[in-house]
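Before any questions on binding or motion, here is one chain by itself as structure tokens, the form predicted on its own.
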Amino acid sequence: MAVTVVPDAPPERGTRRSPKAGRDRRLGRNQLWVWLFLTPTVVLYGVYTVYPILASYWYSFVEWNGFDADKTWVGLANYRAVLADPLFWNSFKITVLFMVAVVPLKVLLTLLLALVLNSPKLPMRTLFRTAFFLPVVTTTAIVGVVMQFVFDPASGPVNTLLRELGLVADGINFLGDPKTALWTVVSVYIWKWFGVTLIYWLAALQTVPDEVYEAAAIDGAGPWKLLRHVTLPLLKPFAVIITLLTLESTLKVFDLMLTMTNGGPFYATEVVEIYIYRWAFAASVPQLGFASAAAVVFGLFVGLVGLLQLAGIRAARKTRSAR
């Protein structure tokens, strides 16, 4: 007897979903949630970062005091005035001098301390790492205000200690003397941000394989030879990146310098950021166009530093890939 096979009935429309359509819907929902969470960040970044940068370029071509509605187009006059102002070049020189003084000291001192704190034989090394990182989490403006009391020539603890030790007869006006003010801020800045560079070096030291140390020790290498022929050569790519990161960070010293010296005495510590702030907000008649032109010129300098950083990172990657 012949058997008739009845095929299954086709699925009704809407009862089965293809896997591709399901993945597309899930992907769409995920992207929606991603953009929903990113929207506040994008809006705030646009309002407080992108818009001020673009507005600075526009204001640099006009004469405007920030209060009147009228703005007068002056073309490149603000740029010519900035480049002809000796105080701008003085602030630029102090900015570069601050950077040159801080970067080598901070990079070398943190490297030495990281080598010590990376030793497994050191007791309580976690406690020491935390202690050196604590100043990083303190507010910079508060640190600047406190340092005014610390370095007070009459009753500050630094001058009190110097007098107790018999090193000085009268208190030293560290922040009021043009010869010492900048170097005092340099020392405080290094102390304040010491922990960040220290963390960079400690992270770099974790990448050195223990097998390399063990093989070198079997060959008779002592601590000095391990440091010279193993550790330091392997840290070279990190040294380039850490140096450039430290160099870039020294360009952001506005809050510490403003609270400790306000650019004084006699413009001895006036970095470019304070120069811009003085013309934009602290002058009796603010000159936002002039200050914006100075900000654009300084921004171009920061951009050059950024390009240098990119070149350094690329060179470091080539060095690591060639090993």
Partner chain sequence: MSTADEVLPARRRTGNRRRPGNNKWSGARLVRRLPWWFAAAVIAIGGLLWIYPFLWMVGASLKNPLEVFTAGLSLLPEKAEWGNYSRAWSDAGFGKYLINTVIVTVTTVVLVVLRCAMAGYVLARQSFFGKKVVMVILIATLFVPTGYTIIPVVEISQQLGLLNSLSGMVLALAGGAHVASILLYLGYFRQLPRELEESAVIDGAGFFSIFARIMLPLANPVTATVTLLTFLGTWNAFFLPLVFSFSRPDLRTLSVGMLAFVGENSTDWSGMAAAASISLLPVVALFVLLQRYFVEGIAGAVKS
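Think of the rigid core as the biggest set of C-alphas that the two forms share within 1.5 Å after superposition. Here the structure is a predicted model, which is why all the values come from computation and not from measurement. Numbering follows the first chain given and starts at 1.
Not pictured, yet referred to below: the form predicted in complex with the partner chain.
S.K.: Just to confirm the contact call: exactly one of 111 to 119, 175 to 183, 80 to 88, 93 to 101 touches the partner chain in the predicted bound form at a 4.5 Å heavy atom cutoff, so which is it?
M.R.: Of the stretches listed, the one contacting the partner is 111 to 119.
S.K.: Could you check which residue among A221, V107, V136, V74 gets a heavy atom within 4.5 Å of the partner chain in the predicted bound form?
M.R.: That would be V136.
S.K.: Does any heavy atom of V296 come within 4.5 Å of a heavy atom of the partner chain in the predicted bound form?
M.R.: Output for V296 is yes: heavy atoms within 4.5 Å of the partner chain.
S.K.: Does the partner chain come within 4.5 Å of any heavy atom of A215 in the predicted bound form?
M.R.: It does not: once the partner chain is placed as it appears in the predicted bound form, A215 has no heavy atom within 4.5 Å of it.
S.K.: Though only this chain appears here, would D255 touch the partner chain in the predicted bound form if you measure heavy atom gaps against 4.5 Å?
M.R.: Within the cut-off, so yes.
S.K.: With a 4.5 Å heavy atom cut-off, would you call F61 a contact of the partner chain in the predicted bound form?
M.R.: F61: no, not in contact with the partner chain in the predicted bound form.
S.K.: In the predicted bound form, which residues of 260 to 292 put a heavy atom within 4.5 Å of the partner chain?
M.R.: Those in contact are E273, I276, Y277, A280, F281, L288, A291, S292.
S.K.: Does F266 count as moved between the shown form and the other one, where moved means a C-alpha shift of 2 angstroms or more after fitting the rigid core?
M.R.: Comparing forms between the shown form and the other one, the F266 CA shifts below 2 Å.
S.K.: Once the core is aligned, please say if the CA of T39 is shifted by at least 2 angstroms between the shown form and the other one.
M.R.: Shift at T39: 2 Å or more after core fit.
S.K.: Once you line up the core, how about G66: does its CA shift reach 2 Å between the shown form and the other one?
M.R.: Comparing forms between the shown form and the other one, the G66 CA shifts below 2 Å.
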